[in-house]
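Here you get one chain, nothing else, as structure tokens; it is the form predicted on its own.
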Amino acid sequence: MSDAEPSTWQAVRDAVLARIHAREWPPGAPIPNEADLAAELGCARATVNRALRALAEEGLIERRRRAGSRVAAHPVRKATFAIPVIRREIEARGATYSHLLLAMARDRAPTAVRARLGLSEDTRMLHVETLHLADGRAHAHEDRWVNLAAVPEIARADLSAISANEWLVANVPFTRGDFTFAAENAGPTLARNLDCTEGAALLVLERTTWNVALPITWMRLSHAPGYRMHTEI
């Protein structure tokens, strides 16, 4: 393989994407089969397969068994989100991060949380409440339930030294999850924790994460008034 030939699936993906953007393969056009692409690009067929799967997951090509791959006639880009470490987010804004562990206990989760995670009524989970601070001021309140059957080690972690958010990102792999965003008004407890007036508008994020079929955690993050979310597409 020459230096100009792709050696990774990411490089093959970029090569295929370049041809799509150049209209060498216009919308709806068939893409050469994996064996032909692998021979042309000088790489393994498995490398081509991984690259085409990634493009299909992004909504840029359509793959059908026995029918091969085609450029999507109406491509739909799918948004992806990484789970942010709140400490890094705050520090990237030039502020000093700290957090307060407000509560930590094993308990039965509320019905709505168990339903989201598909857990039985008698499942005991780790309930963690954390207040994240930027320059000593309230940034976000985190209400989290962790499935101890999936992550027993978290019960021994010092979550006053490292937040549950950062500990989970660093130690627990996940394969899928979901996000829900909402605008809500602060109730009495949240208003006190976030040092804002009762009824103030808050951006609220709910998230679940899973490792294949095993639920890991449900989390609700309520941001202080004025928070602005930034992401990329």
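Whichever C-alpha set is largest while still superposing within 1.5 Å between the two forms counts as the rigid core. Residue numbers run from 1 along the displayed sequence. Everything numeric in this text was worked out from a predicted model, so none of it was measured.
Unshown form predicted together with the DNA; subsequent notes refer to it.
Interface residue among 43, 55, 169, 190, judged by heavy atoms within 4.5 Å of the DNA in the model of the complex: 43. Under a 4.5 angstroms non-hydrogen atom cutoff, the DNA in the model of the complex has residue 63 among its neighbouring residues. By the criterion of a heavy atom within 4.5 Å, residue 67 is counted among the residues contacting the DNA in the model of the complex. The DNA in the model of the complex comes within 4.5 Å of no heavy atom belonging to residue 211. Mapping the unseen interface onto this chain, residue 50 counts among the residues with a heavy atom inside 4.5 Å of the DNA in the model of the complex.
Residues placing heavy atoms within 4.5 Å of the DNA in the model of the complex fall in a single listed stretch, namely 31 to 39, out of 161 to 169, 31 to 39, 181 to 189, 194 to 202. Residue 185 shows a C-alpha shift below 2 Å between the shown form and the other one [criterion: core-superposed Cα displacement of 2 Å]. Once the rigid core is overlaid between the shown form and the other one, residue 223 does not reach a Cα shift of 2 Å, moving by less than that.
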